[in-house]
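First, one chain by itself: the form predicted alone, in structure tokens.
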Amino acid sequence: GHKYHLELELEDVLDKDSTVNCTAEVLYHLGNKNIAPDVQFTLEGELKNTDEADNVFYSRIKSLEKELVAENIPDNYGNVSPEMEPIHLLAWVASGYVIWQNSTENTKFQLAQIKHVKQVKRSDEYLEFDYKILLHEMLTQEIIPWQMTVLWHPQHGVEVTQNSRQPKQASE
């Protein structure tokens, strides 16, 4: 396959003034589009600790009387309300996994919008969200509907338990 050596600067999404340097090696497997690229990376420095914000969000969602339901994040003008910012960040992290798993040398995906998100009731301590998202394929300008089920707990991180590309009409 093809191997790429990258040097980049990562901006902390919670603290725009904070950056860390990152070096990475990405290996795309020849001929097999069903295998995610191998990624090895090293960070120089630390990103801002999110424990406090994570715990505030977790408590807020756990204390809701009804499961959270929302749509069109960001809205058509690019705005994300402060109370939806953690839902947006969670989708952004989870979509990163989906993008990595579905990347080839000829794709450049980006999360465009959460069309719909619904919290799923659970009996354990995890939060579960069912997302319908739109991925923007930057090279072809295609907008691709995608479904992903995301588990999250502040102490255990994010896990995408299920994801699938959706037919085009699902985004309407």
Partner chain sequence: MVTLNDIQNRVSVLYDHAFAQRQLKIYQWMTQIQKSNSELVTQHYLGKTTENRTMYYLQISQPSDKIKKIIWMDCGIHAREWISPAFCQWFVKELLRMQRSKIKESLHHIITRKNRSPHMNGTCYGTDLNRNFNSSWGSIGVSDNCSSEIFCGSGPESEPETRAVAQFIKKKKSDILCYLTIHSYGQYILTPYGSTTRPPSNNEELMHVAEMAAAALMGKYGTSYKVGPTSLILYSNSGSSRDWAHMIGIPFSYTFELRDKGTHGFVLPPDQIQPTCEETMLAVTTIIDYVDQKYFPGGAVMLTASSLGLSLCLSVVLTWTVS
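Numbering follows the first chain given and starts at 1. Just so it is clear, the model here is predicted, and its values are computed rather than measured.
As for the form predicted in complex with the partner chain, it is not shown, yet the points below apply to it.
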{"item": "In the predicted complex, the residue from V56, L43, L30, I143 that sits within 4.5 Å of the partner chain by heavy atoms", "value": "I143"}
{"item": "The unique member of A70, I35, L47, A112 whose heavy atoms fall within 4.5 Å of the partner chain in the predicted complex", "value": "A112"}
{"item": "In the predicted complex, K62 touching the partner chain (heavy atom, 4.5 Å)", "value": "no"}
{"item": "Distance check, K132 to the partner chain in the predicted complex, heavy atom within 4.5 Å", "value": "no"}
{"item": "W92 within 4.5 Å of the partner chain in the predicted complex, heavy atoms", "value": "yes"}
{"item": "4.5 Å heavy atom contact, K3 and the partner chain in the predicted complex", "value": "no"}
{"item": "Segment assignment from 48 to 56, 132 to 140, 62 to 70, 118 to 126: heavy atom within 4.5 Å of the partner chain in the predicted complex", "value": "132 to 140"}
